[in-house]
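Presented as structure tokens, the chain that follows is alone, the form predicted on its own.
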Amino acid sequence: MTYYSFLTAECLVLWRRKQDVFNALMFFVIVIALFPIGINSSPEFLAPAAAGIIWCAAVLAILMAVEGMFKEDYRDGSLEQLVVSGLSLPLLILLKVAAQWFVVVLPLLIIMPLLSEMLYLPRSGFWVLMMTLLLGTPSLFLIGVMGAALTVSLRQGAVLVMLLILPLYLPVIIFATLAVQAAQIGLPYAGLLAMLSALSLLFLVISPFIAAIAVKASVN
């Protein structure tokens, strides 16, 4: 097995399990659609709250995607094969996260113009929102993979995953929503985008190693 063949196989697995990805996307759209219906459909309410609504929905959708990232591999024994494959386990985990990020976030970005219009997000904030999603969602996946690895051997680990990783999600959500709100009222937002990039780079460095340690502990 090579890194390329692993990435190709991972993409094929995600394609076969496309129903899981579709469920996460539908959940994302439904959460956003319920806010105007259930709370307030006026532009005066939705426009300032749009970034927070979209980011909260994105966090919930990503949680659905990452919670079971290792479950099937753990059940069928392929996770153990990765550990003994002789390849770098942190790099394999990073490739797995990259494949998951691509298949989940890319559709979110494609439908974002429609959802932004639904929430009356001004054009001044739309492109900043897209940048926050591009810069911030990698850190959400990288944080999530640590929780998924720590709970992979537990049968009911979904709640534990949320408890473990939600506190780490809060800075990402805060910086992202503040950046969009700053853009909407004409304030500088470059520093907030830089903080999102820094968080993603930080977890890019540490998450694969922590997840690899947790996976090895689980399969042993």
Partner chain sequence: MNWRWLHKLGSPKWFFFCFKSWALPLFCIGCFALMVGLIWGLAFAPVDYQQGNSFRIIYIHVPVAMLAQSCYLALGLSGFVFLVWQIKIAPIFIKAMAPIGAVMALIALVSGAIWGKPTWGTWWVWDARLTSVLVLFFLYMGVITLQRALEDIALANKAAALISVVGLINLPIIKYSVVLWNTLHQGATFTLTKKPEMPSEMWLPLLISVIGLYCFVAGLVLWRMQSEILQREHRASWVQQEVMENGL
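C-alpha atoms forming the largest set that superposes within 1.5 Å between two forms make up the rigid core. Everything quoted here is computed from the prediction, not taken from an experiment. Residue numbers count along the first chain shown, from 1.
There is another form of the same protein, the form predicted in complex with its partner chain; it is not shown, and what comes next is about it.
* **Residue contact check: Leu46 to its partner chain in the model of the complex, 4.5 Å heavy atom** => Within the cut-off, so yes.
* Spell out, yes or no, whether the shortest heavy atom distance between Leu193 and its partner chain in the model of the complex is within 4.5 Å. => No.
* Asked: Taking 4.5 angstroms as the cut-off for heavy atoms, does Tyr120 touch its partner chain in the model of the complex?
  -> Within the cut-off, so yes.
* Asked: Taking heavy atoms and a 4.5 Å limit, what residues of 1 to 33 are near its partner chain in the model of the complex?
  -> Residues within 4.5 Å: Gln19, Phe22, Asn23, Met26, Val29, Ile30, Ala33.
* Asked: For Glu10, is the CA shift between the shown form and the other one at least 2 Å following rigid-core superposition?
  -> Comparing the forms between the shown form and the other one, which are aligned on their rigid core, Glu10 does not shift its C-alpha by 2 Å or more.
* Asked: Rigid core fitted, is the C-alpha displacement of Ile210 between the shown form and the other one 2 Å or more?
  -> Ile210 C-alpha, core-superposed: shift of less than 2 Å.
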